[in-house]
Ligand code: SAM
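Just the one chain here, laid out as structure tokens, in the form predicted alone.
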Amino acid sequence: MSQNQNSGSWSRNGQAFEFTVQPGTLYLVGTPIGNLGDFSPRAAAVLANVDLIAAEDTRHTLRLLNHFGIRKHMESYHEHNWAAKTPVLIDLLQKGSSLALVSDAGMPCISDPGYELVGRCVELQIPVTVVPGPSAALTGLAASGLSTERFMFEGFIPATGRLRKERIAEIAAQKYTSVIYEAPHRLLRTLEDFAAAGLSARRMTVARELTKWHEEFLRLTVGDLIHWYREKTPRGEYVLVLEGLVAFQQRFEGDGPVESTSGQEPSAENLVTVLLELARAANLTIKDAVRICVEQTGMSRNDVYQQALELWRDM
């Protein structure tokens, strides 16, 4: 492995791009989420000149490299081997090798492996540089038509069990827009679970196959989306962008489940009423429901607990 600066150029369509790759530096390189035209010249230049590429799936990344005529040694780095591979990669960086980290698509570390490696580099004062690229979460959010002022990125939610119920209840309680990833074989069940948590009337944008030939956006309510996907088999990768509680209540101002003042966020007391209803619909325990409400509203735990007891007595 080289311990010196790697300088040179990379060309596309006859245009050359100058670059310098620094030794002992970790490069986080964004890659296309579908359309190869989104691969930046800088990203290609870095991948062409680092000493090593750590890839989530080397076979997948090899197709990208072959398309752009890049030949480079790769090592796998994914959720099943990161604990063993992180010390190896750190050792190479400390010895002066330059390293690029890529995921299968989009930005490394965003619902993909990498944050452990970056965290270790930060601890050891190893330089970390980001080469930005596409992100499915931000692409879906930007085109959703829902509020982008504040949002929560949820990534993939747990597939089964209590953790899944708790996460869905937390999403239902989230004041602002939520962005969720989902696989096609779980999409309908997730929508049905959202409806069971009281979210049928919430607006949601379902973004499918972003930047690809069959890119699609459906902008409906959760309930309408359930009907849609009961008739149409989901295919491809999905980004779900869900309307937040504040925007939902403001749409139904004066006619919704909770009163709100014009242009203002609903009161903490009113939010608790809605959150407890959502938690009960998700079959959470009183303890978990109270915890979520306190986190979201900042109200006294005792006050929330008393309200929860009254609601649960009526079950």
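Since the structure is predicted, the reported quantities are computational estimates derived from the model, not experimental observations. Quick note: we count residues from 1 along the sequence shown, nothing fancier.
Below: the form predicted in complex with the ligand, not depicted.
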| Candidate site 33, 135 and 156: all three near the ligand in the predicted bound form by heavy atom within 4.5 Å | yes
| said: Only one of these stretches, 117-125, 98-106, 169-177, 197-205, has heavy atoms within 4.5 Å of the ligand in the predicted bound form; which one is it? | reply: 98-106
| Only one of 72, 164, 212, 186 has a non-hydrogen atom within 4.5 angstroms of the ligand in the predicted bound form; which is it? | 212
| request: Would you kindly say which of 81, 147, 111, 221 lies with a heavy atom within 4.5 Å of the ligand in the predicted bound form? | output: 111
| field | Residue contact check: residue 229 to the ligand in the predicted bound form, 4.5 Å heavy atom | value | no
| task | Answer yes if any heavy atom of residue 181 is within 4.5 Å of a heavy atom of the ligand in the predicted bound form; otherwise answer no. | result | yes
| At the 4.5 Å heavy atom threshold, is residue 238 in contact with the ligand in the predicted bound form? | yes
